[in-house]
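Just the one chain here, laid out as structure tokens, in the form predicted on its own.
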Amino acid sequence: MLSKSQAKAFFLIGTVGFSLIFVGLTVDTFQRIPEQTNQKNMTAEVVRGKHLFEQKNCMGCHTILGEGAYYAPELTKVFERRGEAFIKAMLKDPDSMYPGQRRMTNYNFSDEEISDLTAFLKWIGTLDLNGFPPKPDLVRSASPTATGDTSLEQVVLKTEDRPLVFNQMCVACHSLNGQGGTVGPALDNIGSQRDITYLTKWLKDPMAIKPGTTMPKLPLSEEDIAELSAFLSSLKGSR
């Protein structure tokens, strides 16, 4: 059993020691902030985008950096997930991207405001957040197609072989190997139903092929269309 003087010494040494540890960790954290926040790339465009994000109360529907509402998608890694073209098109005219599906308000942003918001979302996605938000567990969400016997491990690996534009745009509405949206039809067997010529025309202007379709005219470059049509025409139920 400690004497009164020993207990006092133990308390003082412990308090001072742990206080020094706390101060040291605090200093270390502040020293890491510029690098982890990618502060050198915080341009005037990014700052304007942040102010606009707050002014329009985007966190009233979305979450970002773990804070906000849960009505709409999380935005911390949205630039990585959806890409610049999709984000700008969504901000320009939300209803045209998801006709009759989304309830995002059209704020009638100017082109400059859209560029500012996109720059802000791009910058947010570069922050070192120690693994936050975690990437989705595709093994749990994936499921083999009805026409094949693909294992879950193979399904996950094949997502890396898809065109980037497919993972950013197409899976927002369509599914492949059980992953993706449910607004549009699954694409597992689209190559057996449509050839590359039809798919190219469809991607260029869906309304010209099928008036009244809910498929929007996506902001795709000629290269995107060529890559997507080639990829989609190869999907014949074996993936």
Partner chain sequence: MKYSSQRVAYWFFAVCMLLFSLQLVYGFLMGFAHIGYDGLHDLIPFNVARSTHTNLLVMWLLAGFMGAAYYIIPEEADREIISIKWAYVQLIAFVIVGVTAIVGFHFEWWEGRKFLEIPRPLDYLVVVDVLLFIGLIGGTIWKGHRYTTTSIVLFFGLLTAALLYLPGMINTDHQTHDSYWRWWVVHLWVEGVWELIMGAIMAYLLIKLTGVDREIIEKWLYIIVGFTFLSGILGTGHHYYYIGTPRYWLMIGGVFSALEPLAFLGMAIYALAMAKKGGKSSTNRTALLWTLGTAVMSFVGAGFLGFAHTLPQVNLYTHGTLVTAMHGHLAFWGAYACLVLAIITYSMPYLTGRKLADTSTNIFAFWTSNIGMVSMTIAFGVAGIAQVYLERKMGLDFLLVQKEIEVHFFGLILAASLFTIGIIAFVYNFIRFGAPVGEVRGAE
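Numbering follows the first chain given and starts at 1. The structure presented is a predicted model; accordingly, all values stated were derived computationally and were not measured.
A second form of this protein, the form predicted together with the partner chain, is not displayed here; the remarks below concern that form.
Undergrad: Which residue among Ala186, Met59, Ile209, Ile196 has a heavy atom within 4.5 angstroms of the partner chain in the predicted complex?
TA: Checking each option against the partner chain in the predicted complex, the one that comes within 4.5 Å is Met59.
Undergrad: Report yes if all three of Val47, Glu54 and Leu65 come within 4.5 Å of the partner chain in the predicted complex by some heavy atom, otherwise no.
TA: Heavy-atom distance to the partner chain in the predicted complex: all three under 4.5 Å.
Undergrad: Tell me, yes or no, whether Asp205 is in contact with the partner chain in the predicted complex, where a contact means a heavy atom of each within 4.5 Å.
TA: No, Asp205 sits far enough from the partner chain in the predicted complex that none of its heavy atoms falls within 4.5 Å.
Undergrad: Can Asp111 be called a contact residue for the partner chain in the predicted complex at 4.5 Å between heavy atoms?
TA: It does not: once the partner chain is placed as it appears in the predicted complex, Asp111 has no heavy atom within 4.5 Å of it.
Undergrad: I'd like to know if Met104 sits close to the partner chain in the predicted complex, meaning any non-hydrogen atom pair within 4.5 angstroms.
TA: Close contact exists here: in the predicted complex, Met104 approaches the partner chain to within 4.5 Å, heavy atoms only.
Undergrad: Is there a non-hydrogen atom of Thr37 within 4.5 angstroms of a non-hydrogen atom of the partner chain in the predicted complex?
TA: Thr37: yes, in contact with the partner chain in the predicted complex.
Undergrad: Any residue of 188-206 with a heavy atom within 4.5 Å of the partner chain in the predicted complex counts; write them all down in order.
TA: Stretch hits: zero.
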